[in-house]
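This document opens with one chain alone, in structure tokens, the form predicted on its own.
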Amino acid sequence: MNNSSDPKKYKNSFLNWIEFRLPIVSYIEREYKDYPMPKNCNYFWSFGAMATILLVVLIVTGIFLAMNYTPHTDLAFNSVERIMRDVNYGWLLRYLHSNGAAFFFIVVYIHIMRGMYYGSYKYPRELNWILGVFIFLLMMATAFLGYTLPWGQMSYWGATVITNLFSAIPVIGEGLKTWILGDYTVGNATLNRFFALHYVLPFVIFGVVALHVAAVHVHGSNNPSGIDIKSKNDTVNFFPYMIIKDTLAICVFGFIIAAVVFFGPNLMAEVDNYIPANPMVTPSHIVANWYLAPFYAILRAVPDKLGGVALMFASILILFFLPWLDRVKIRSCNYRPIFKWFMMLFFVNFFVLGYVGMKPAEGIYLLVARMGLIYYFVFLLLITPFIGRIEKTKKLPLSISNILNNNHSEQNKFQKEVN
């Protein structure tokens, strides 16, 4: 750095000392204080901040849980019981971690749906969307690995079912499965490597999240109207306006999480996982975590094992290509009168797939799963690319300020009519 440069001056001399050597203070001010946010952003834009907070909570609680966990098939189940009963506030750490993971997926699913509905994956934010889908993939892998660690019945058989899927891959399947397990069956080697990966992957996720946030700040945040910022009048500073909104959202969501942790910590847990793993006794119904159930439903909807595995992975990987499948330049579904209903039906269909994914793969549940599978791919591969040819979109507003001024005028007119 040039010694003749004149760094930004702060009242605190220590900050000036740091700023001259490492301009991190000015970076934080630029990116998290003066950063311009669109005026019309609603509370759906707070779910990104909530996801980051939950990720930090999961990492911190996971570190403390790892201090007391023993990754051995003979000791894992009892070490979890010891955490619950003998470690000071161990029950709180475990319930925060397990329920925090479930709420992490809730927040991320809402975050993804918001991005899809408002077109946040479109130019120039394609790379940001790709990073987000990559985070989602890492989350799914981490969640599956963590599901095996308590070494209960569902942990063992869930690991057995999922790892057996790799054997369906032609030529390399059996070898790949053995390499993942570290043995020919799910056992001690499997538990050790799953524990190691489950510990490391959240830090990888945190790094990709940092890239995800940096990518957002390159071209700025999207907004409910999906229009570009025309002037400074269309924006507000991130601090204090968005900080206050995000803080309120985090407090409300934190209250909900606290209520679950203290009054219903096992609402989203599997009863069979409180039984020690027994390779000689198969549970009557092996079920995935609810947040992985939509993809589990797709897997089971196909009678062919290889076909089910291929479609399950394709249902996730296809999301990487969404920015190029949707060719309509208008971002927000609010201005796409036909496509928005197909999008809403896609969300409903996804929840239905999650529901049937937790039910036995038979009868009406299997039929619904197959119908859901068809609509999932029809929406992404046919409706999304071609609906723009027949859809007549609404006219976009001139600016964000224009939208807010019109809304304010309509409110005043309504108030006068009431009076």
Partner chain sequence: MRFIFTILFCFTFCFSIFAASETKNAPKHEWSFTGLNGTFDKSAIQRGYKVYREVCAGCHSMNLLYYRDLIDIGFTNDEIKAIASEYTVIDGPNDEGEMFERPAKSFDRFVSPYLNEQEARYSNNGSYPPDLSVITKAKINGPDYIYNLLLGYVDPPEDFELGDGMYYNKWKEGEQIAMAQPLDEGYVDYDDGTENSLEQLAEDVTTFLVWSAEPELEERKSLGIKVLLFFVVAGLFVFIAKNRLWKSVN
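Residue numbers count along the first chain shown, from 1. In this text, all values refer to a predicted model and were calculated from it rather than measured experimentally.
Unshown form predicted in complex with its partner chain; subsequent notes refer to it.
Tell me which stretch of 128-136, 113-121, 321-329, 195-203 has a heavy atom within 4.5 angstroms of its partner chain in the predicted bound form.
Going by heavy atoms within 4.5 Å, the stretch is 113-121.
State the residue from 348, 171, 210, 317 whose non-hydrogen atoms include one within 4.5 Å of its partner chain in the predicted bound form.
Checking each option against its partner chain in the predicted bound form, the one that comes within 4.5 Å is 348.
Ok, 166, 342, 274, 313: which has a heavy atom sitting within 4.5 Å of its partner chain in the predicted bound form?
By the 4.5 Å heavy-atom cutoff, the listed residue in contact is 274.
In the predicted bound form, does each residue in the set 247, 254 and 358 place a non-hydrogen atom within 4.5 angstroms of its partner chain?
The answer is yes; 247, 254 and 358 each reach its partner chain.
So in the predicted bound form, does residue 187 come within 4.5 Å of its partner chain, heavy atom to heavy atom?
No, residue 187 is distant from the partner.
Decide whether residue 178 counts as a contact residue for its partner chain in the predicted bound form under a heavy atom distance cut-off of 4.5 Å.
No.
So, residue 265 and its partner chain: in the predicted bound form, are they within 4.5 Å at any heavy atom pair?
Residue 265 belongs to the contact set for its partner chain.
Residue-level contact is defined here as any heavy atom of the residue lying within 4.5 Å of its partner chain in the predicted bound form; does residue 78 satisfy this criterion?
Yes, residue 78 is a contact residue.
Is any part of 40-69 within 4.5 angstroms of its partner chain in the predicted bound form by a non-hydrogen atom, and which residues would that be?
Contacts from 40-69: 42, 43, 44.
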